[in-house]
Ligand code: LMR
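Before any questions on how it binds or moves, here is one chain, the form predicted alone, in structure tokens.
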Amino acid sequence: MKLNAMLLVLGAALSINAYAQAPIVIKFSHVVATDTPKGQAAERFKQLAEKATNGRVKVEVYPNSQLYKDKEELEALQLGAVQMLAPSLAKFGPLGVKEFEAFDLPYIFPSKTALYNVTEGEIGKGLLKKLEPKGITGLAFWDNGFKVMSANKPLHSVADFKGQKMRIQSSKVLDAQMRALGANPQVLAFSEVYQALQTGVVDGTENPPSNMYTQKMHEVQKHVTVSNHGYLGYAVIVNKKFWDGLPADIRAALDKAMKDATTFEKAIAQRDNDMALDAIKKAGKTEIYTLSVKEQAEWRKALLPVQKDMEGRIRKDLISAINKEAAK
């Protein structure tokens, strides 16, 4: 009996030890393809995080809405079904943190330098802090780039948008943007856009070129207008309870891995968009048009009132602060 009891105790101890050595799993879900800037950066974070923690952390990356679609993923994170996401900044408005919709304001960022003044400064830190009451910790801002417009008809002047059904993310700002151009905004999950364009449920959409190309939207869109009218970026976020519960050394290692992955992501974002636009052109199915100075001025004039219209929603002082930083 004594031997059996000792064996049982030893077996239990070994099981506990094996459990203690099991890696901490981070499920990282996102909705875009692996070969986009966000997709590549998620894979880079996985490599860096696993190396920095000597295998004590295992990062499982799920691209292309494999686990959750746009509307589902934030709830999944809050419930702890996944630990990490990198949703587009527009997603936080419906969650109740409307200030993030400032990033959707048309023509608010004249350059990447202006953008980084905001995301890497006090404004960016303050915005990430606002996620904490929602059970979310913000780790970093990731880049995608400035958006182009696409449709099955040329979109050169504001008048060309009249009556066009344009897909948008769920954002009051993007809704107002399309209405200011005379279009009819249609909210659709990212994973549904290709089919909606193919079947004519919507006429066109807006995207950075890398998203458009990797989702093959150019195959079902005859015209692209390089307008750089708006910005698409992401916030890398984690479940706050999960993050706070990590050992301090693990959290520090993951923070460093995220910083390095963010530097990598920003370096490839513009390159990938340039390459995607070139690939769309070479595919020969889509005519690419760049707005003239005069045409862009017309777009700006039509879209500038959106900032004023959104002051009550986003906060007038925040919009002013962003414009001030962007002007530096």
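Residue numbers here begin at 1 and follow the sequence given. Only a predicted model underlies this, so the values are computations on that prediction, with no experimental measurement involved.
Absent from the display: the form predicted in complex with this ligand. The rest refers to it.
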| property | result |
| --- | --- |
| Pocket accessibility after superposing this ligand in the model of the complex (3+ atoms within 2.4 Å of backbone/C-beta) | open |
| Partner contact for Glu43 in the model of the complex: this ligand, 4.5 angstroms, heavy atom | no |
| Contact of Asp70 with this ligand in the model of the complex (heavy atom, 4.5 Å) | yes |
| Distance check, Arg167 to this ligand in the model of the complex, heavy atom within 4.5 Å | yes |
| Interface membership of Tyr234, this ligand in the model of the complex, 4.5 Å heavy atom rule | yes |
| Location of this ligand contact in the model of the complex, chosen stretch of 178-186, 240-248, 206-214, 96-104 [non-hydrogen atom, 4.5 Å] | 206-214 |
| One residue of Ile280, Ile26, Val31, Ala49 in contact with this ligand, assessed in the model of the complex (non-hydrogen atom, 4.5 angstroms) | Val31 |
| Sole residue of Gln221, Thr119, Ser171, Ser88 within 4.5 Å of this ligand in the model of the complex, by heavy atom | Ser88 |
